[in-house]
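Below you will find one chain, with nothing else, as structure tokens; this is the form predicted alone, and questions on how it binds or moves follow later.
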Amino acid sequence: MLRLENLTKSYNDNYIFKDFSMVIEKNRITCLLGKSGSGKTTLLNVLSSITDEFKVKYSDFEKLRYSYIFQEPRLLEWYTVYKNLQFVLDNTHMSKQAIHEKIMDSLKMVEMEKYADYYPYQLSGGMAQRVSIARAFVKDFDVLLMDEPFKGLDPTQKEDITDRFLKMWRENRKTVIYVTHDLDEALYMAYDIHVLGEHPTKILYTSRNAYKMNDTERENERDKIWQILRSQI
């Protein structure tokens, strides 16, 4: 387990977090769900970089290595697909051959190896996001943070990319924490779901082991979480 205890952050006496605590299971996919402004993205930023701006009694997150998938691909436009992944590995001590194999293996997982020499402007939005997923996985990390990485994709692209992501995740079973507004997406991907809300931010509800639920249990869980989300509007 990864523990965060008594996180506090305020702006001019307006508390975003006050004595906030959370437990994340290692090697699982955990979703942070909640309305806009509920502190989800701020919490990702806190986890990836605890600073003096935030008061924390205890955290298991401080010395971990992170990788990040954002809402948009954020590829370097002047680099090819291959170079965008190579850039992440520039400061490693791997041999050139090992770097090449790791890059190509990651691209193959998202079926983008044929586009290694393409530039970002030559890719569709879905293709670019697949590259961003490959880039996140090519880096050695302990925790993968994702901030609405599938937002803005059409339904066909979204289904394809989420399935490719899950395939890549099953290859290494690392800890994943991701933010979404999409309840159905959370129930499809997450092992555990934390519903955030109120001010200061609180965990209003936690759904554990969603992946073990049968169809009826998942639908009941969906209704329960939906009612909690609606109460925050």
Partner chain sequence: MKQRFLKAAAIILWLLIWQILAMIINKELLLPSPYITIKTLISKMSESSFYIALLYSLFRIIIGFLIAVVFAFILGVISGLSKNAEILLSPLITVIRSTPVMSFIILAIIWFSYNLAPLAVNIIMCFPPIYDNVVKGITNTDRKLLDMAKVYDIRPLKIFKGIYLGSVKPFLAAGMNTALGLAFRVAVAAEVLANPKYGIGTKLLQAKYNLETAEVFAWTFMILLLSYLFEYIFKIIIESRRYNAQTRKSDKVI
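Residue numbers count along the first chain shown, from 1. Every value quoted in this text rests on a predicted model; they were computed, and no experiment measured them.
In what follows, reference is made to the form predicted in complex with the partner chain, a form of this protein that is not presented.
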item: Site check 147, 191 and 196: each within 4.5 Å of the partner chain in the model of the complex by heavy atom; value: no
item: Candidate stretches 22-30, 181-189, 66-74, 199-207, one within 4.5 Å of the partner chain in the model of the complex by heavy atom; value: 66-74
item: Contact test in the model of the complex: residue 42 vs the partner chain, heavy atoms, 4.5 Å; value: no
item: Distance check, residue 135 to the partner chain in the model of the complex, heavy atom within 4.5 Å; value: yes
item: Contact of residue 86 with the partner chain in the model of the complex (heavy atom, 4.5 Å); value: yes
item: Non-hydrogen atom contact residue 128 with the partner chain in the model of the complex at 4.5 angstroms; value: no
item: Listed residue that, although the partner chain is not shown, lies within 4.5 Å of it in the model of the complex (heavy atoms), from 100, 108, 139, 151; value: 139
item: Residues within stretch 110-124 having a non-hydrogen atom within 4.5 Å of the partner chain in the model of the complex; value: 115, 117, 118, 119, 121, 122, 123
